[in-house]
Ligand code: COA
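Given next, in structure tokens, is a single chain: the form predicted on its own.
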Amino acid sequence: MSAPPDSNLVAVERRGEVAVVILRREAKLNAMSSEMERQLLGTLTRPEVTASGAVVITGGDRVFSSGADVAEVTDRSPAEVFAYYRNTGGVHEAVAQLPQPTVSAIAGYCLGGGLELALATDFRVAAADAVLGFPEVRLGIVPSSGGLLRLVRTVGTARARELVLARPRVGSAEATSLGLLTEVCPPGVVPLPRAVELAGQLAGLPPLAYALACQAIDAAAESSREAALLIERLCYAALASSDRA
């Protein structure tokens, strides 16, 4: 008997210290259905992920994700929307809160909810022909899984307004110049091996120092000068008194 079409939408494999989480809804260009989000949430708690030194998220060599499953995001009541975020819609924040270094390997389309997922990772490595963007407003909605927050923090309000309202798609070269991407692979080179290599390098850093540095950087973006300096010094004091392993 063949498996139901939505039975295995997310896979995970270990490559040394790196856990590679793979979106597997290729027939729908990895459109993020509630079932895919549910499986992704479950995958993040599997031992292969929790015991890893770093995590890479990929949609394969053809597409990262074309965004949310449009069939599911329209005609929801406000109560249904809030219920969604109490359930599978929190997956983007679960990715953002992983304690390990996280890297997205982006090929092809990375749109809407897919780009929100990529922005939830610490670093993003893309193919030369990758296409990124937020088409939500053209569908009568807005990015709402932390995408606006992370986009503004990454590129600033003026660029965020441009990307969300005026330019729903940009290529990888421009996305890099805007700060959306960490690096772009040469033409014809798929991004996953480089993403795994980068994740492996990050996994070699002292975990506590990495985690505190990330939190201090995020806090600095929305803190006063005095608070940001205090957070830096408290992090340093905590690390200086630890074994830093």
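The first residue of the sequence shown is number 1, and the count goes up from there. Remember, it's a predicted structure, so these values are computed and weren't measured experimentally.
Although not depicted, the form predicted in complex with the named molecule is the subject of the following passage.
Of the candidate stretches 103-111, 170-178, 148-156, 117-125, only 103-111 contains residues with a heavy atom within 4.5 Å of the named molecule in the predicted complex. Screening 29, 184, 44, 202 for any heavy atom within 4.5 Å of the named molecule in the predicted complex leaves a single hit, 29. For the options 36, 55, 195, 68, the residue carrying a heavy atom within 4.5 angstroms of the named molecule in the predicted complex is 68.
Contact check for residue 165: no non-hydrogen atom falls within 4.5 Å of the named molecule in the predicted complex.
By the criterion of a heavy atom within 4.5 Å, residue 94 is excluded from the residues contacting the named molecule in the predicted complex. In the predicted complex, at least one heavy atom of residue 135 sits within 4.5 Å of a heavy atom of the named molecule. Taking the partner from the other structure, the named molecule in the predicted complex has a heavy atom within 4.5 Å of a heavy atom of residue 141.
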